[in-house]
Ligand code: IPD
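Before any questions on how it binds or moves, here is one chain, the form predicted alone, in structure tokens.
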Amino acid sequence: MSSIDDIHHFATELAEKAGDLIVELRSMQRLNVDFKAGIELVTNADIAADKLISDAIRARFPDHRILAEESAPDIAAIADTSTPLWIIDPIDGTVNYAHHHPQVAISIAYAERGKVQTGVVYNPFQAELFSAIRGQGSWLNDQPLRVSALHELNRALIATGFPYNKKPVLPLLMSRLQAVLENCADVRRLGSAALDICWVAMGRLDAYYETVSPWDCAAAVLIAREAGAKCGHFMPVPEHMPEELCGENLLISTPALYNDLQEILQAAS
């Protein structure tokens, strides 16, 4: 039986190995780009990093389940909380990655009974490794993290993102964006949900909202929560879905801003 510290160390090693792999593949100009469902960009590096991480987990923990964006993307898996679950995004920010932007991360979370126990988000292009263990705090490399102390929403810097298939939900996205812009200092759209949430954890951002998949946010939400952020949803969580693993209508913020932002987003929905 591995301790949570052992699992955390293992997840960190996997994230760093996957980070080295995707940096090497991009630097050697060995990227092949394809599109899932005709719209969602994916590269051979996504597939390779997913395989590296998933194979290592299966070899060490054959009884654990895996939810991974490329190799095991059945989100219904999170409803079963009877056995440990690994939640993996081999490259969060694939569009950034393919366009040689630095805002890219590997995200690995480990959950028991529907609650994330440890999480790692690693940006190999900036040498920034965000991590957390439940109840023990969160860190950027070896420095402890803490959210901003901002209380004034009109001074807040807020991040969000948009889905690949925007057309069906564009009016709703624009309604929410307008409402937030009318009440905050400015909005950023940086292209990696995991890093957006980690940036809230360290105070580079004051809040973040978006609907994403569990692999985009599971590790980062724990990191933000352990840094003092208030983490939740601005719309009800679907039944039978563990709240901590639900990526729909996420809202992560420094505590003083949460209630106001939740009300603004609900009113715009």
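So that there is no doubt, residue numbering starts at 1 and follows the sequence shown. Remember, predicted model here, so these are calculated numbers, not experimental data.
Keep in mind that the form predicted in complex with the ligand is missing from the display, and what follows is about it.
Proximity to the ligand in the model of the complex, defined as a heavy atom within 4.5 Å, holds among 205, 212, 45, 231 only for 212. Contact annotation: of the candidates 155, 189, 146, 99, the single residue with a non-hydrogen atom within 4.5 angstroms of the ligand in the model of the complex is 189. Figure note: of the listed segments 112-120, 136-144, 162-170, 177-185, the one touching the ligand in the model of the complex, with heavy atoms no more than 4.5 Å away, is 162-170.
The ligand in the model of the complex comes within 4.5 Å of no heavy atom belonging to residue 106. In the model of the complex, the ligand sits within 4.5 Å of a heavy atom belonging to residue 94. Using a 4.5 Å cutoff between non-hydrogen atoms, residue 198 does not count as a contact of the ligand in the model of the complex.
For residue 50, no non-hydrogen atom is located within 4.5 Å of the ligand in the model of the complex, even though that partner is not displayed.
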